[in-house]
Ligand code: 1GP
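Listed next as structure tokens is one chain, alone, in the form predicted alone.
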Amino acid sequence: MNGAWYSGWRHVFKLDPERELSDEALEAICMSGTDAIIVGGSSGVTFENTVDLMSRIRRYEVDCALEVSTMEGAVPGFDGYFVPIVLNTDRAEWINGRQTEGLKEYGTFVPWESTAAQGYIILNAEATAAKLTGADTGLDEEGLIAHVRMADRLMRLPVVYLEYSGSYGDMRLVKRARSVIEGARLFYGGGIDNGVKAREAAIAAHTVIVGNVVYSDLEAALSTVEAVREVDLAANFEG
């Protein structure tokens, strides 16, 4: 494990700047004890709605990072930045096309010390991100592990992100992916809508990302923070 700025994150809420969230709900999220908030979305992300959400989160002390999915949504002032690279697609624009276009325009201004690439492996065919990027979501275990090794060993990416986006993944595969990783941090996101699933994901992955449930069941979303903490307390006790 490296000592990067995100290396201590175990639980993260991911908020979409296009979706509405009340001030009361945002306060509960920011004060929940989560390690960080990632701002990002697959569609409808603009400079204006990203700035608005960032300014609201900035009222609190929680770490706040931006997942840069569009040049329109590239906003300065975040604690850190993630640049997604979709690994399981054959569309070059999602591997290095949009990224290099962004660097042509903003490369001089990138805060490299707080910027990291995310090797995305999108595994839910119904997800907006999968449809947008043309991701090959039908990977078997062998194919998934090959992609993880590509990201971790060959490309030396600092983050591998298994994204099920809206559906709960196979934790056995997530554990298998983690077992072959040597240097990257494994992020998992998708379908975590209660404490039980959060605990399972926290055992399987390095970092648990909780997103959609924030907008449908705030109390359930908040319960995931304590669930992840319980996993870590149990591990420390056993250790």
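Every value quoted in this text rests on a predicted model; they were computed, and no experiment measured them. Position 1 is the first residue in the sequence shown; the rest follow in order.
Beyond the structure shown, there is the form predicted together with SN-glycerol-1-phosphate (1GP), which is absent from this document and is the topic of what follows.
Interface residue remark: Thr137 is not counted as part of the site for SN-glycerol-1-phosphate (1GP) in the model of the complex, having no heavy atom within 4.5 Å. Put simply, Val45 is far from SN-glycerol-1-phosphate (1GP) in the model of the complex: not one heavy atom of it is within 4.5 Å. Though the partner is left out of this view, Asn194 does not reach within 4.5 Å of SN-glycerol-1-phosphate (1GP) in the model of the complex, counting heavy atoms only. In the model of the complex, SN-glycerol-1-phosphate (1GP) lies within 4.5 Å of some heavy atom of Ile209. The candidate spot formed by Asp152, Pro158 and Gly183 lies out of contact with SN-glycerol-1-phosphate (1GP) in the model of the complex, as no residue has a heavy atom within 4.5 Å of it. From the list 109 to 117, 139 to 147, 161 to 169, 74 to 82, the contact stretch for SN-glycerol-1-phosphate (1GP) in the model of the complex under a 4.5 Å heavy atom rule is 161 to 169.
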